[in-house]
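One chain comes next, on its own, written as structure tokens: the form predicted on its own.
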């Protein structure tokens, strides 16, 4: 059993199981320039955050299954009926009706392109992506919005044709389970745990 707490939902309520508090002893901070005199202590603490996905849960679950879901307004009263959104939106921004989930995996494989990109040499705390991070804004034919993600293989170029890859082995159920590679990339070039 995991030493960390786990959360599940039963009867419409969050249920917490396990230990969410981990005490770690303080350690001294000594000054090497002054005969190793005590200067202070570290005070390490672990925090567990519980994030709810709500209506976006199908999007994150699908990534771990190798699928890219978008959403579409199907409200026949909406002026923009049929508009597809990526990233996934629960509600139409125009009529506020609930959107329908649509599988865009094949569409992304056929016509995803780099709209623009940014290469980040340094990042903030808790980043787990290898640097440099090649952030890409991905556009899809017939989709009204642009998805921000990252390129795992190669160097980005505006207009470059991309294909999605998915972390299907030990998915994190976060946006990091989706990445992109240039069209024509071989399976042997994919990062560990990812597949087409």
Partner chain sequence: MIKFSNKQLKVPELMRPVYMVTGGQSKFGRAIPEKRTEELCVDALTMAAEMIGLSPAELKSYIHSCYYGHFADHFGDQLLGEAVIHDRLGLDPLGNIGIKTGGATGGSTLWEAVKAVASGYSDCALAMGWERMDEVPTDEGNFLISCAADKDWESPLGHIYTGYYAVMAQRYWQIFGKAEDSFRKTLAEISVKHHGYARMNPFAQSPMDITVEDVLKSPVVAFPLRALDCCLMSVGAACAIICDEKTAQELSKNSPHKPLRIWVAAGSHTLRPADRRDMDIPLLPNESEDQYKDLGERFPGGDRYPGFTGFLAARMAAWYGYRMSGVTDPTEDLDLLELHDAFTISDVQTYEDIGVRPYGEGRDYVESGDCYHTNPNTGKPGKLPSNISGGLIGCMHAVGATGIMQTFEVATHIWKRWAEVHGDQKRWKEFGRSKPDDWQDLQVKGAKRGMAISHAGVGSHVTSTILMDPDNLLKNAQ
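Residue numbers count along the first chain shown, from 1. So that the term is clear: the rigid core is the largest set of C-alpha atoms that superpose within 1.5 Å between two forms. Only a predicted model underlies this, so the values are computations on that prediction, with no experimental measurement involved.
Below: the form predicted in complex with its partner chain, not depicted.
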**Request:** Answer yes if any heavy atom of residue 45 is within 4.5 Å of a heavy atom of its partner chain in the predicted complex; otherwise answer no.
**Result:** yes
**Prompt:** Contact between residue 97 and its partner chain in the predicted complex at 4.5 Å, heavy atoms?
**Reply:** no
**Request:** Find out whether any non-hydrogen atom of residue 121 is located within 4.5 angstroms of its partner chain in the predicted complex, and reply yes or no.
**Result:** yes
**Asked** Are any of the heavy atoms in residue 109 no more than 4.5 Å from a heavy atom of its partner chain in the predicted complex?
**Response** no
**Asked** Which of the residues spanning 80-118 lie within 4.5 Å of its partner chain in the predicted complex, based on heavy atoms?
**Response** 80, 85, 86, 87, 88, 89, 93, 94, 115, 116, 117, 118
**Message:** After superposing the rigid core, is the C-alpha displacement of residue 30 2 Å or more between this form and the one not shown?
**Reply:** yes
